[in-house]
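Shown here is one chain on its own, the form predicted alone, set out as structure tokens.
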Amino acid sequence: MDIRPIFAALRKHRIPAGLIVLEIALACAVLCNAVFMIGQRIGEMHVPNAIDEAGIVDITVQGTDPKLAAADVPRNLAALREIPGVTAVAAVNIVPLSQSGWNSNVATGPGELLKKNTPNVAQYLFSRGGPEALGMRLLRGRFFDDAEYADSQLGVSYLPGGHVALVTQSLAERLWPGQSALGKQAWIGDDNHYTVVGVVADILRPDRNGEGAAGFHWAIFLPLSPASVLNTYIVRSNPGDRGRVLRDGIRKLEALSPNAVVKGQTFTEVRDKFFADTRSMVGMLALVCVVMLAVTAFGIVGLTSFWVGQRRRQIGIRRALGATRGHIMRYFQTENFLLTAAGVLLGMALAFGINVYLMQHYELQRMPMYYLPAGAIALWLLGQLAVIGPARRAAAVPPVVATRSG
């Protein structure tokens, strides 16, 4: 098909043609980045967490006398172990995805914490039985022994005195890339250092804390004797018993500490609460995509319908000179293809620029390049579908219109 008449017609309608090109470009840019962000957020909601999520409940006790913690914590642990179906219990300071975290920069040596590239790490403190209660998976080394729990007391920095620690695999790779983490020293401050005795499968931190997706598994685990900071109890059971265990556990702890506030939830509820905003964002971005595509489609339909009305006499003349309905259909589809091509080329450049901006200011990862041609193809298909109706109406213009208009 000779496209010179198409270019000539578009030059006569520069403003509406330019507007539809800009609309397509904006839709392409928004669509590529929105779909990429949706994929990122959905992936984030399903990020692996190497604990027994299905069998865990956590019960928090607040308002007790901190001076009695050395006696209260063992008493509460013993009461929770008596619940039928409970397989493991431990007291912890924080729970993964609880949105309330203990965080510190961790270095591999003294004096290195002032460096900008030291990772920000979640600090988990737990009592004896912590690995079993969480369902942690040991990859290398060993878990803590009883003596290491007994010797671990809170110091002036509100951390246990430095001796041993577990680290997640991701943190081990971040601190000592290409090396074994066992036996290495992890430093929190210039005074507290810990010898790594075990590496565990990646466990999520309580919060993202500005480190992005790469730091979501950076965590260190420290043994602790009964202390007031261990006010959350992890209770593990079979998933089918979880609801009953939670109710019984709350009742037992309320009876033991009548003046305290006792609250509990399953880990499924913890995860749901943590990712509630993420799910809302996914829904909002999906709605933005639908609206942008709808607006673009209606814009193409409206503009093409307007041009069909303006060109009825021209179309009638072409029909009188022998143009078939197929020729008229292809004319408008080719015209739409050219407009869409100009829009998506501009849109891909704009999409890349938006992604760079989001990377710099909102910790978004770099968008894979295949999103750009995928978005372009989607808009080309949308354009071709949107133009079918107006093009068919144009093809239905009879040749006699050429003699009736004038």
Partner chain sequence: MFAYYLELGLRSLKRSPGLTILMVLAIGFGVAASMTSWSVFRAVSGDPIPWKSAQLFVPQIDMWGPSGRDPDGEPPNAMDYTDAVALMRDHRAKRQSAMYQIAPSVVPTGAGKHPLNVSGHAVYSEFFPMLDVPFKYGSAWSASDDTNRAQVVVINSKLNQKLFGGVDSVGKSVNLEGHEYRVVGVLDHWNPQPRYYDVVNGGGFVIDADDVFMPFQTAIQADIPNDGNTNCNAVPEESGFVGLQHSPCVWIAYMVELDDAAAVQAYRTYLDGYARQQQASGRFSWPPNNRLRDLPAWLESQHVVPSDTKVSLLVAFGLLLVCLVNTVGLLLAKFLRRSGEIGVRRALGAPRAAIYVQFLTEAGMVGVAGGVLGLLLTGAGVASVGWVLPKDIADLARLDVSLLALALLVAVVATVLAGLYPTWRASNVQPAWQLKSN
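Numbering follows the first chain given and starts at 1. Here, rigid core means the biggest group of C-alpha atoms that superpose within 1.5 Å across both forms. These figures come from a predicted structure and were not determined experimentally.
This next part talks about the form predicted together with the partner chain, which is not shown.
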Quiz item: Is Glu269 close to the partner chain in the model of the complex, meaning a heavy atom pair under 4.5 Å apart or at it?
Solution: no
Quiz item: Does at least one non-hydrogen atom of Gln123 fall within 4.5 angstroms of the partner chain in the model of the complex?
Solution: no
Practice problem: Although the partner chain is absent from this view, report whether Glu254 comes within 4.5 Å of it in the model of the complex, heavy atoms only. | Solution: yes
Practice problem: Flag Tyr370 as yes or no: does it have a non-hydrogen atom within 4.5 angstroms of any non-hydrogen atom of the partner chain in the model of the complex? | Solution: no
Quiz item: Pick from 213-221, 87-95, 291-299, 73-81: which stretch has a heavy atom within 4.5 Å of the partner chain in the model of the complex?
Solution: 291-299
Practice problem: Have a look at Ala342, Leu26, Ala374, Ala50 for me and say which one sits with a heavy atom within 4.5 Å of the partner chain in the model of the complex. | Solution: Leu26
Quiz item: If you check Ser180, Gln153, Asn238, Ser280 against the partner chain in the model of the complex, which one has a heavy atom within 4.5 Å?
Solution: Ser280
Practice problem: Answer yes or no: in the model of the complex, does the partner chain come within 4.5 Å of a heavy atom in every one of Gln62, Tyr158 and Tyr357? | Solution: yes
Quiz item: Hey, which residues along 15-39 are within 4.5 angstroms of the partner chain in the model of the complex, non-hydrogen atoms only?
Solution: Ile15, Pro16, Leu19, Leu22, Glu23, Leu26, Ala27, Val30, Met37
Quiz item: Does superposing the core leave Ile56 with a CA shift of 2 Å or more between the shown form and the other one?
Solution: no
Quiz prompt | Rigid core superposition, Ala172 Cα moves 2 angstroms or more between the shown form and the other one | solution = no
